[in-house]
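Next up: just one chain, as structure tokens, the form predicted alone.
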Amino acid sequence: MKKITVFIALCSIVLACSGNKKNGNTSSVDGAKIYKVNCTLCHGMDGKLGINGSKDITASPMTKDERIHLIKNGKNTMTPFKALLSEEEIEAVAEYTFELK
């Protein structure tokens, strides 16, 4: 239980400091940068870290739409990002995850 509490606290700090506010320019959203700020804590830079039960993104058979759904809504200990990221940012992250293969 203590590990989960520490994990949630760390995620909250990372999300609070991430600065993912829309700047009005949605034409060139950097999915890699958003991934690095929000996802590397559990998934790692290469998508294989597996902290707190996170899955190896490089081995995922999920489609882009399935990844978008997962990023938006979260699952188990994964934070839902629909209130933190815009639709364009979520789509950019989902697209970037395919580059991790």
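All residue numbers are counted from 1 along the displayed sequence. These numbers come from a predicted model, not from an experiment.
What comes next is about the form predicted in complex with a small molecule, which does not appear here.
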Evaluate Ala32 for contact with the small molecule in the predicted bound form, applying a 4.5 angstroms cut-off between non-hydrogen atoms, and reply yes or no.
-> no
So in the predicted bound form, does Ser86 come within 4.5 Å of the small molecule, heavy atom to heavy atom?
-> no
Indicate whether the small molecule has at least one heavy atom within 4.5 Å of a heavy atom of Lys75 in the predicted bound form.
-> yes
So in the predicted bound form, does any heavy atom of Leu49 sit within 4.5 Å of the small molecule?
-> no
